[in-house]
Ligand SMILES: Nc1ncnc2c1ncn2[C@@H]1O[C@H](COP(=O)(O)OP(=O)(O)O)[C@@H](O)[C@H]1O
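In the form predicted alone, a lone chain appears below as structure tokens.
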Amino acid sequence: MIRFENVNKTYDKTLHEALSEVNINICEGDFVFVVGKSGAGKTTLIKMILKELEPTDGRILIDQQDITQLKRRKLPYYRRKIGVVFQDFRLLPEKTVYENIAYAMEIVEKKSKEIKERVPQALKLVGLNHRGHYYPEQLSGGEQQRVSIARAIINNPKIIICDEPTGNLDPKTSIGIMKLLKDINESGTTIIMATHDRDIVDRMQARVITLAGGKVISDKKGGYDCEDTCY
């Protein structure tokens, strides 16, 4: 589903090599952690999947489509298949919980009838069906992250990218967020999560891709090397 083929990324101004000869293959329905120290290349890798950055060399295939060749006019349609959950939630403070989630459907021109049907379903899924009329500032950090997850899944994306989604949360709340993400993954959604939280990685027992100096130094699940079996 997601394939990096000999991907390199060098930033022109600094000549910093952010990624070097990266070859990874993520299958549909996988739950994958991307770990590594600051500067290891995690953010660059994520931004390349979102096509916010272009590789210096190599190819990136999503559903066997080479997105490095994707025309700009097709970019909004490509991004509809990806939901994103950030560490800092990025909710719109002037909109209610319901409106924050509905907005994600409005910008892709979903009909009002569908919005009215699906937003309550998403709120129920994340355990916030009683908070739709609240504003973000009235919610706890964990509740705000649940809203951002509901927003990420509302358009039924094939892929969800999580960038340190538990970074601002306490351990107990983090466990609840990870359980929710696991449930979403088990429904068939591919999840890629960048994190520094070793406790969460150890608890989940999922696939772990480790980056260091822009290179993949380990790709394992349950202690075993992952094999290239999707294509």
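The structure presented is a predicted model; accordingly, all values stated were derived computationally and were not measured. Numbering starts at 1 and runs along the sequence shown.
One more form of this protein should be noted, the form predicted together with this ligand, which is absent from this view; the next part is about it.
Exactly one listed residue, out of 40, 181, 192, 48, brings a non-hydrogen atom to within 4.5 Å of this ligand in the predicted complex: 40. Look at 61-69, 199-207, 31-39, 168-176: in the predicted complex, residues with non-hydrogen atoms within 4.5 angstroms of this ligand sit in 31-39.
Remark: residue 18 counts among the residues lining this ligand in the predicted complex, judged by a heavy atom distance of 4.5 Å or less. Using a 4.5 angstroms threshold between heavy atoms, residue 44 counts as touching this ligand in the predicted complex. Residues of 152-177 that come within 4.5 Å of this ligand in the predicted complex, judged by any heavy atom, do not exist; none qualify.
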